[in-house]
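For reference, the chain that follows is the form predicted on its own, supplied as C-alpha coordinates.
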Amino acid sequence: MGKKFQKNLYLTAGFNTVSLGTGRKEFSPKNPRPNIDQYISDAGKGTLKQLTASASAIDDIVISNFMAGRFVKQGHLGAFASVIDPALEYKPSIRVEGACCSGGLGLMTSIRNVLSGLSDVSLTVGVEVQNTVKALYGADILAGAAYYAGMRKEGHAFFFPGIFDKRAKAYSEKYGAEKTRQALARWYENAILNARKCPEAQEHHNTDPNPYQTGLTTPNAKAFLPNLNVFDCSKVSDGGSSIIVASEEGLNKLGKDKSEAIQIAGYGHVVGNITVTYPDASVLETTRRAVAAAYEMAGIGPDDIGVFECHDCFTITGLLSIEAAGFAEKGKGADFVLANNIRSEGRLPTNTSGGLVGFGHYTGGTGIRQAVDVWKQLTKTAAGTQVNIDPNRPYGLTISMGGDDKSVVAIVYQRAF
(Lines give C-alpha, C1' and ligand atoms only; values in the text may rest on other atoms or scores of the structure.)
Protein backbone atom coordinates (compact mmCIF):
# COMPACT_ATOMS: atom_id res chain seq x y z
CA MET A 1 0.00 0.00 0.00
CA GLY A 2 1.38 3.43 -0.97
CA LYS A 3 1.35 6.69 0.92
CA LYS A 4 -1.99 8.13 1.97
CA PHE A 5 -3.20 11.70 2.24
CA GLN A 6 -2.86 13.19 5.71
CA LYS A 7 -6.24 14.88 5.33
CA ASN A 8 -9.30 14.54 3.13
CA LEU A 9 -9.19 16.53 -0.10
CA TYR A 10 -12.19 17.58 -2.16
CA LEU A 11 -13.05 19.08 -5.54
CA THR A 12 -16.06 21.33 -5.95
CA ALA A 13 -17.57 24.07 -8.13
CA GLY A 14 -16.12 23.15 -11.52
CA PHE A 15 -16.70 25.12 -14.71
CA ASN A 16 -15.80 24.82 -18.40
CA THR A 17 -16.05 27.54 -21.02
CA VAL A 18 -16.98 26.75 -24.61
CA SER A 19 -14.13 25.02 -26.44
CA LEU A 20 -13.77 27.41 -29.35
CA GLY A 21 -12.37 26.29 -32.67
CA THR A 22 -13.25 25.28 -36.20
CA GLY A 23 -15.92 22.84 -35.05
CA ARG A 24 -18.08 25.61 -33.57
CA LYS A 25 -20.63 27.44 -35.72
CA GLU A 26 -19.71 30.76 -34.12
CA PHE A 27 -16.01 30.41 -34.88
CA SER A 28 -14.42 32.39 -37.68
CA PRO A 29 -10.74 33.30 -37.97
CA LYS A 30 -11.89 36.67 -39.34
CA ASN A 31 -13.89 37.58 -36.22
CA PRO A 32 -12.46 38.93 -32.95
CA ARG A 33 -12.17 36.23 -30.30
CA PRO A 34 -11.61 36.28 -26.52
CA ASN A 35 -8.04 36.81 -25.40
CA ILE A 36 -6.39 34.74 -22.70
CA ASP A 37 -7.31 37.15 -19.89
CA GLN A 38 -10.97 36.85 -20.90
CA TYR A 39 -10.82 33.06 -20.65
CA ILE A 40 -9.12 33.28 -17.23
CA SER A 41 -11.87 35.65 -16.10
CA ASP A 42 -14.75 33.62 -17.56
CA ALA A 43 -13.49 30.29 -16.24
CA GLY A 44 -12.79 31.63 -12.75
CA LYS A 45 -16.06 33.52 -12.51
CA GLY A 46 -17.91 30.36 -13.54
CA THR A 47 -16.63 28.68 -10.38
CA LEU A 48 -17.14 31.69 -8.09
CA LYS A 49 -20.80 31.95 -9.14
CA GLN A 50 -21.37 28.52 -7.58
CA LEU A 51 -20.23 29.70 -4.15
CA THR A 52 -22.24 31.36 -1.42
CA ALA A 53 -19.00 32.60 0.14
CA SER A 54 -17.13 35.55 -1.33
CA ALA A 55 -13.93 35.24 -3.34
CA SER A 56 -12.01 36.27 -0.23
CA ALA A 57 -12.47 32.67 1.02
CA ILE A 58 -9.97 31.52 -1.62
CA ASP A 59 -6.47 31.22 -0.19
CA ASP A 60 -4.43 30.86 -3.40
CA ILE A 61 -4.76 30.58 -7.17
CA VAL A 62 -2.98 28.28 -9.63
CA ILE A 63 -3.14 29.09 -13.35
CA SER A 64 -2.06 26.31 -15.70
CA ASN A 65 -1.00 27.07 -19.26
CA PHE A 66 1.38 25.70 -21.86
CA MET A 67 2.39 28.21 -24.52
CA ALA A 68 0.75 31.62 -23.99
CA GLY A 69 4.13 33.24 -24.50
CA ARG A 70 4.22 31.91 -28.07
CA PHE A 71 0.55 31.85 -29.06
CA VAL A 72 -0.50 35.24 -27.62
CA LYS A 73 2.84 36.72 -26.48
CA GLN A 74 1.69 36.79 -22.88
CA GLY A 75 3.67 35.48 -19.94
CA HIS A 76 3.28 36.17 -16.21
CA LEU A 77 -0.19 34.62 -16.05
CA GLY A 78 -0.32 34.34 -12.26
CA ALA A 79 -0.81 38.09 -12.09
CA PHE A 80 -4.14 37.81 -13.93
CA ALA A 81 -5.94 36.29 -10.92
CA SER A 82 -7.59 39.57 -9.96
CA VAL A 83 -9.41 39.79 -13.33
CA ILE A 84 -11.56 36.99 -11.90
CA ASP A 85 -12.46 38.99 -8.81
CA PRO A 86 -10.86 42.04 -7.14
CA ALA A 87 -10.75 40.09 -3.85
CA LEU A 88 -8.06 37.85 -5.38
CA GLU A 89 -5.58 40.70 -5.75
CA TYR A 90 -2.56 40.24 -3.48
CA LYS A 91 -3.38 36.55 -2.96
CA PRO A 92 -0.64 34.00 -3.78
CA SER A 93 -0.98 33.10 -7.46
CA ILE A 94 1.31 31.10 -9.74
CA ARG A 95 1.40 29.78 -13.31
CA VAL A 96 2.47 26.15 -13.89
CA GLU A 97 3.46 24.42 -17.14
CA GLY A 98 3.99 20.85 -18.28
CA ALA A 99 2.94 20.76 -21.94
CA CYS A 100 -0.48 19.15 -22.39
CA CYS A 101 -0.27 17.93 -18.78
CA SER A 102 -0.32 21.53 -17.55
CA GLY A 103 -3.91 21.22 -16.28
CA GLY A 104 -3.09 18.04 -14.37
CA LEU A 105 -0.06 19.76 -12.87
CA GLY A 106 -2.24 22.72 -11.92
CA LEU A 107 -4.46 20.35 -9.95
CA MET A 108 -1.42 18.72 -8.36
CA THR A 109 -0.11 22.15 -7.31
CA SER A 110 -3.42 23.02 -5.69
CA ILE A 111 -3.54 19.60 -4.02
CA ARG A 112 -0.08 20.14 -2.54
CA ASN A 113 -0.96 23.66 -1.41
CA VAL A 114 -3.93 22.35 0.55
CA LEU A 115 -2.04 19.33 1.88
CA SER A 116 0.68 21.67 3.20
CA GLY A 117 -1.85 23.33 5.49
CA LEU A 118 -1.00 26.77 4.09
CA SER A 119 -4.28 26.81 2.14
CA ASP A 120 -7.76 25.48 2.79
CA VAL A 121 -9.14 26.59 -0.56
CA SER A 122 -7.12 26.63 -3.80
CA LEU A 123 -8.65 27.79 -7.08
CA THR A 124 -7.19 26.07 -10.15
CA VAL A 125 -7.71 27.69 -13.54
CA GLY A 126 -6.45 26.18 -16.81
CA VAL A 127 -6.42 28.14 -20.04
CA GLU A 128 -5.06 28.19 -23.59
CA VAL A 129 -5.60 30.32 -26.69
CA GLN A 130 -4.19 28.66 -29.82
CA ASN A 131 -6.25 29.91 -32.77
CA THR A 132 -3.84 32.77 -33.38
CA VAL A 133 -1.48 31.19 -35.91
CA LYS A 134 -1.73 28.94 -38.96
CA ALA A 135 -1.77 25.20 -38.28
CA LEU A 136 1.78 24.62 -39.53
CA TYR A 137 3.16 27.32 -37.24
CA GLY A 138 1.05 26.01 -34.38
CA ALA A 139 2.52 22.55 -34.89
CA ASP A 140 5.97 24.02 -34.51
CA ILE A 141 5.00 25.80 -31.29
CA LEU A 142 3.46 22.62 -29.87
CA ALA A 143 6.63 20.73 -30.75
CA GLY A 144 8.07 22.43 -27.67
CA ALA A 145 6.27 19.75 -25.68
CA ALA A 146 8.95 17.34 -26.91
CA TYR A 147 12.74 17.63 -27.05
CA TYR A 148 12.85 20.43 -29.61
CA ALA A 149 16.62 20.66 -30.02
CA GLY A 150 17.01 16.93 -30.53
CA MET A 151 13.82 15.90 -32.34
CA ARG A 152 12.20 18.78 -34.21
CA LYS A 153 14.58 18.86 -37.17
CA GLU A 154 13.94 15.22 -38.00
CA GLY A 155 10.23 15.33 -37.20
CA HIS A 156 7.17 15.48 -39.45
CA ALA A 157 5.96 18.96 -40.43
CA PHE A 158 2.94 18.30 -38.20
CA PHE A 159 5.15 17.15 -35.38
CA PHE A 160 2.93 15.52 -32.76
CA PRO A 161 0.55 13.91 -35.27
CA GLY A 162 3.69 12.38 -36.76
CA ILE A 163 4.83 11.04 -33.39
CA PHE A 164 1.49 9.42 -32.65
CA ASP A 165 1.25 8.14 -36.21
CA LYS A 166 4.30 6.03 -35.30
CA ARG A 167 2.38 4.69 -32.30
CA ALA A 168 -0.57 3.81 -34.53
CA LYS A 169 1.82 2.08 -36.93
CA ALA A 170 3.42 0.05 -34.14
CA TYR A 171 0.04 -1.03 -32.75
CA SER A 172 -1.32 -1.90 -36.20
CA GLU A 173 1.71 -4.00 -37.07
CA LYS A 174 1.51 -5.93 -33.80
CA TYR A 175 -2.22 -6.46 -33.50
CA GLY A 176 -3.69 -6.01 -36.97
CA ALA A 177 -4.20 -2.95 -39.15
CA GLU A 178 -7.87 -3.57 -39.96
CA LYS A 179 -8.93 -4.09 -36.35
CA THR A 180 -6.90 -1.09 -35.23
CA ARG A 181 -8.49 1.19 -37.81
CA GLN A 182 -11.95 -0.02 -36.83
CA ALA A 183 -11.23 0.65 -33.15
CA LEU A 184 -9.90 4.14 -33.90
CA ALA A 185 -13.05 4.84 -35.90
CA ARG A 186 -15.21 3.65 -32.98
CA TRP A 187 -13.24 5.95 -30.70
CA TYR A 188 -13.93 8.87 -33.02
CA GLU A 189 -17.61 7.95 -33.19
CA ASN A 190 -17.85 7.87 -29.39
CA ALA A 191 -16.19 11.27 -29.18
CA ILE A 192 -18.64 12.86 -31.60
CA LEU A 193 -21.75 11.25 -30.09
CA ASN A 194 -20.75 12.43 -26.61
CA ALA A 195 -19.77 15.92 -27.78
CA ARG A 196 -23.22 16.38 -29.31
CA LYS A 197 -24.69 16.08 -25.82
CA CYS A 198 -22.39 18.77 -24.40
CA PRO A 199 -23.16 22.42 -25.32
CA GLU A 200 -19.60 23.54 -24.55
CA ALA A 201 -17.93 20.93 -26.77
CA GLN A 202 -16.23 21.99 -29.99
CA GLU A 203 -17.97 19.18 -31.90
CA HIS A 204 -21.37 19.90 -30.34
CA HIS A 205 -22.61 21.11 -33.72
CA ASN A 206 -21.27 18.10 -35.64
CA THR A 207 -24.14 16.62 -37.69
CA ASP A 208 -22.24 13.85 -39.48
CA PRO A 209 -24.85 11.09 -39.97
CA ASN A 210 -22.22 8.33 -39.73
CA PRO A 211 -19.15 9.34 -37.71
CA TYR A 212 -17.97 5.74 -37.59
CA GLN A 213 -17.75 5.63 -41.36
CA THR A 214 -15.95 8.97 -41.31
CA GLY A 215 -13.49 7.57 -38.80
CA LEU A 216 -12.75 4.70 -41.17
CA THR A 217 -11.37 7.15 -43.76
CA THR A 218 -8.16 5.65 -45.14
CA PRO A 219 -5.12 7.64 -44.03
CA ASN A 220 -3.33 9.43 -46.87
CA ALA A 221 0.42 9.73 -46.44
CA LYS A 222 0.74 12.25 -49.28
CA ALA A 223 -1.85 14.61 -47.80
CA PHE A 224 -1.25 13.98 -44.09
CA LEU A 225 -0.02 10.74 -42.47
CA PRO A 226 0.16 7.03 -43.35
CA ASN A 227 -1.56 5.65 -40.23
CA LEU A 228 -3.76 8.45 -38.87
CA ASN A 229 -6.37 10.54 -40.66
CA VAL A 230 -7.38 14.07 -39.67
CA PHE A 231 -10.38 12.73 -37.74
CA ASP A 232 -8.01 10.86 -35.43
CA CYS A 233 -6.68 14.21 -34.16
CA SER A 234 -7.95 16.58 -31.50
CA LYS A 235 -8.59 20.07 -32.83
CA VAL A 236 -6.88 23.34 -32.04
CA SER A 237 -8.93 24.91 -29.26
CA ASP A 238 -9.31 28.05 -27.17
CA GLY A 239 -10.93 27.86 -23.74
CA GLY A 240 -10.65 27.66 -20.00
CA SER A 241 -11.67 25.49 -17.05
CA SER A 242 -11.63 25.97 -13.30
CA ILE A 243 -12.31 24.02 -10.12
CA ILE A 244 -11.63 24.33 -6.40
CA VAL A 245 -9.45 21.99 -4.35
CA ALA A 246 -10.42 22.22 -0.68
CA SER A 247 -9.85 20.61 2.68
CA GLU A 248 -12.80 19.78 4.91
CA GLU A 249 -12.25 23.14 6.61
CA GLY A 250 -12.24 24.71 3.17
CA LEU A 251 -15.60 23.22 2.25
CA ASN A 252 -17.01 24.69 5.46
CA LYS A 253 -15.54 28.10 4.62
CA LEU A 254 -17.19 27.92 1.22
CA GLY A 255 -20.52 26.76 2.60
CA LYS A 256 -20.31 23.66 0.43
CA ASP A 257 -21.93 20.39 1.48
CA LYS A 258 -20.07 17.19 0.70
CA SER A 259 -22.90 16.23 -1.65
CA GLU A 260 -21.62 19.05 -3.88
CA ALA A 261 -18.06 17.74 -3.86
CA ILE A 262 -16.01 14.71 -4.75
CA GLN A 263 -13.07 13.35 -2.79
CA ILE A 264 -9.61 12.75 -4.21
CA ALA A 265 -8.75 9.15 -3.37
CA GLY A 266 -5.26 8.91 -4.87
CA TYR A 267 -2.91 10.22 -7.51
CA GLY A 268 0.15 9.33 -9.51
CA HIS A 269 2.55 11.94 -10.90
CA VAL A 270 5.22 10.34 -13.06
CA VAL A 271 7.70 12.00 -15.41
CA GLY A 272 9.79 10.29 -18.10
CA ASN A 273 12.91 11.37 -19.98
CA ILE A 274 12.04 13.93 -22.64
CA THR A 275 15.31 13.43 -24.49
CA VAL A 276 14.69 9.80 -25.47
CA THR A 277 12.18 7.82 -27.51
CA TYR A 278 11.00 4.71 -25.71
CA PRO A 279 11.53 1.43 -27.59
CA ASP A 280 7.94 0.15 -27.67
CA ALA A 281 5.69 2.73 -29.34
CA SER A 282 2.62 0.55 -28.70
CA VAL A 283 2.84 1.14 -24.92
CA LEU A 284 2.28 4.28 -22.80
CA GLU A 285 4.72 3.31 -20.07
CA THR A 286 4.74 6.61 -18.14
CA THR A 287 0.94 6.61 -18.15
CA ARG A 288 0.89 3.01 -16.93
CA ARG A 289 3.14 3.88 -14.00
CA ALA A 290 1.13 6.98 -13.08
CA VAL A 291 -2.17 5.10 -13.07
CA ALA A 292 -0.65 2.25 -11.05
CA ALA A 293 0.51 4.76 -8.43
CA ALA A 294 -2.95 6.35 -8.28
CA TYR A 295 -4.60 2.95 -7.84
CA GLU A 296 -2.13 2.03 -5.09
CA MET A 297 -2.74 5.23 -3.13
CA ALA A 298 -6.52 4.85 -3.49
CA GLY A 299 -6.39 1.15 -2.60
CA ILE A 300 -8.37 0.14 -5.67
CA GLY A 301 -7.87 -1.39 -9.12
CA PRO A 302 -9.22 -0.91 -12.65
CA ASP A 303 -12.33 -2.97 -11.89
CA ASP A 304 -13.42 -0.26 -9.44
CA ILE A 305 -13.50 2.56 -12.01
CA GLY A 306 -16.97 3.52 -13.22
CA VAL A 307 -16.18 6.60 -15.33
CA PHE A 308 -12.99 7.44 -17.19
CA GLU A 309 -11.49 10.59 -18.70
CA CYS A 310 -8.33 9.99 -20.71
CA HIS A 311 -6.01 12.17 -22.73
CA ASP A 312 -7.02 11.23 -26.27
CA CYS A 313 -5.03 13.90 -28.10
CA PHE A 314 -5.25 11.31 -30.88
CA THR A 315 -7.55 8.31 -31.10
CA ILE A 316 -4.58 5.96 -30.80
CA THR A 317 -3.71 7.57 -27.46
CA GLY A 318 -7.16 6.69 -26.20
CA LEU A 319 -6.71 3.10 -27.29
CA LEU A 320 -3.32 2.85 -25.59
CA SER A 321 -4.67 4.54 -22.44
CA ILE A 322 -7.28 1.80 -22.08
CA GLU A 323 -4.42 -0.70 -21.84
CA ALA A 324 -2.16 1.49 -19.70
CA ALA A 325 -4.97 1.94 -17.16
CA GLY A 326 -5.50 -1.82 -16.93
CA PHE A 327 -8.95 -1.98 -18.48
CA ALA A 328 -7.67 -4.35 -21.16
CA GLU A 329 -4.59 -6.49 -21.54
CA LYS A 330 -1.78 -5.39 -23.84
CA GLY A 331 -3.00 -5.78 -27.41
CA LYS A 332 -6.65 -6.10 -26.32
CA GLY A 333 -7.53 -2.40 -26.17
CA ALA A 334 -8.95 -2.45 -29.68
CA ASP A 335 -11.24 -5.37 -28.77
CA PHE A 336 -12.36 -3.50 -25.63
CA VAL A 337 -13.35 -0.48 -27.71
CA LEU A 338 -14.99 -2.51 -30.48
CA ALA A 339 -17.15 -4.22 -27.84
CA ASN A 340 -18.63 -0.75 -27.12
CA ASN A 341 -17.36 -0.75 -23.54
CA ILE A 342 -16.46 2.95 -23.73
CA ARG A 343 -19.92 4.11 -24.78
CA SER A 344 -22.02 6.15 -22.36
CA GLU A 345 -24.20 3.09 -21.80
CA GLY A 346 -21.23 0.73 -21.80
CA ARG A 347 -19.22 -0.91 -19.04
CA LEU A 348 -16.77 2.00 -18.78
CA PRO A 349 -18.27 5.34 -19.89
CA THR A 350 -15.27 7.20 -21.30
CA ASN A 351 -14.78 10.87 -22.16
CA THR A 352 -18.43 11.63 -21.53
CA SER A 353 -18.33 15.16 -23.01
CA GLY A 354 -16.28 14.07 -26.03
CA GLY A 355 -12.73 13.99 -24.74
CA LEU A 356 -9.99 15.87 -26.53
CA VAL A 357 -11.19 14.67 -29.94
CA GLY A 358 -14.81 15.74 -29.35
CA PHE A 359 -14.75 18.43 -26.68
CA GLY A 360 -11.51 19.98 -27.90
CA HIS A 361 -8.05 20.38 -26.42
CA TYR A 362 -7.14 23.77 -24.97
CA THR A 363 -3.88 22.32 -23.76
CA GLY A 364 -3.32 24.26 -20.53
CA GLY A 365 -6.85 23.56 -19.33
CA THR A 366 -7.62 20.04 -20.52
CA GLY A 367 -6.51 18.28 -17.32
CA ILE A 368 -8.81 20.54 -15.32
CA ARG A 369 -11.67 20.08 -17.78
CA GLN A 370 -11.37 16.33 -17.24
CA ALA A 371 -11.66 16.80 -13.46
CA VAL A 372 -14.69 19.06 -13.92
CA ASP A 373 -16.40 16.38 -16.01
CA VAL A 374 -15.73 13.65 -13.44
CA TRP A 375 -16.93 15.97 -10.66
CA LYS A 376 -20.18 16.46 -12.57
CA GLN A 377 -20.59 12.74 -13.21
CA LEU A 378 -19.99 11.68 -9.59
CA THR A 379 -22.25 14.41 -8.18
CA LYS A 380 -24.89 13.62 -10.83
CA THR A 381 -24.94 17.17 -12.16
CA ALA A 382 -23.76 16.42 -15.70
CA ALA A 383 -27.14 17.18 -17.31
CA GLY A 384 -27.23 15.87 -20.91
CA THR A 385 -23.95 13.99 -20.61
CA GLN A 386 -24.85 12.22 -17.34
CA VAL A 387 -24.20 8.48 -17.32
CA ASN A 388 -25.31 5.74 -14.95
CA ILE A 389 -22.33 4.74 -12.84
CA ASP A 390 -22.33 1.18 -11.54
CA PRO A 391 -22.62 1.40 -7.71
CA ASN A 392 -20.15 -1.48 -7.51
CA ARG A 393 -17.65 0.62 -9.45
CA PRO A 394 -18.04 4.05 -7.86
CA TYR A 395 -14.68 5.67 -8.70
CA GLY A 396 -13.64 8.05 -11.45
CA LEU A 397 -10.21 8.27 -13.12
CA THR A 398 -8.54 11.05 -15.08
CA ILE A 399 -5.29 10.87 -17.05
CA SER A 400 -3.56 14.12 -18.00
CA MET A 401 -0.58 13.56 -20.30
CA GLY A 402 2.11 15.96 -21.53
CA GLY A 403 4.25 15.46 -24.61
CA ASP A 404 4.80 11.97 -25.94
CA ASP A 405 3.88 10.22 -22.68
CA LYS A 406 6.49 12.19 -20.70
CA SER A 407 4.62 14.05 -17.92
CA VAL A 408 1.53 12.25 -16.60
CA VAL A 409 -0.85 12.99 -13.74
CA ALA A 410 -3.46 10.31 -12.98
CA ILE A 411 -6.08 10.99 -10.30
CA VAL A 412 -8.70 8.70 -8.75
CA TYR A 413 -11.89 10.28 -7.37
CA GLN A 414 -14.87 9.10 -5.36
CA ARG A 415 -18.12 10.54 -4.09
CA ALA A 416 -17.64 12.50 -0.90
CA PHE A 417 -20.65 11.19 1.02
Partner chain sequence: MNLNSKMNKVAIIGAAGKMGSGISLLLLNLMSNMKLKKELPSNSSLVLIDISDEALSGLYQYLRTQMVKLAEKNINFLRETYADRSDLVENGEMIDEFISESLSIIRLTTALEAAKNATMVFEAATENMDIKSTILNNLCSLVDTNCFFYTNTSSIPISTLENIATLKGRIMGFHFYNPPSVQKLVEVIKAQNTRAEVNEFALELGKSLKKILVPSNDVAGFIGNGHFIRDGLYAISEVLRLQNEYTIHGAIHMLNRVSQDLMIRPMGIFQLIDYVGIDVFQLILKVMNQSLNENLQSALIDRYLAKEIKGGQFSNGQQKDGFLKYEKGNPVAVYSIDEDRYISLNEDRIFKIVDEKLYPLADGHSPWKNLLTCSTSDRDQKLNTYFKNLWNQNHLGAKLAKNYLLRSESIGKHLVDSKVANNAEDVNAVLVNGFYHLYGPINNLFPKEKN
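Predicted model, so just to flag it, every value in this text is computed and none were measured. Residue numbers count along the first chain shown, from 1.
Keep in mind that the form predicted together with the partner chain is not shown, yet the notes after this line are about it.
Think of it this way: in the model of the complex, the partner chain has a heavy atom of just one of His205, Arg289, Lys330, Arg152 within 4.5 Å, and the residue is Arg152.
Contact annotation: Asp140 falls within 4.5 Å of the partner chain in the model of the complex, judged by heavy atom distances.
Residue contact with the partner chain in the model of the complex: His156 places a heavy atom within 4.5 Å of it.
In the model of the complex, the partner chain stays beyond 4.5 Å of every heavy atom belonging to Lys73. In the model of the complex, at least one heavy atom of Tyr148 sits within 4.5 Å of the partner chain. Heavy atoms within 4.5 Å of the partner chain in the model of the complex are found in one stretch of 177-185, 156-164, 244-252, 337-345, which is 156-164.
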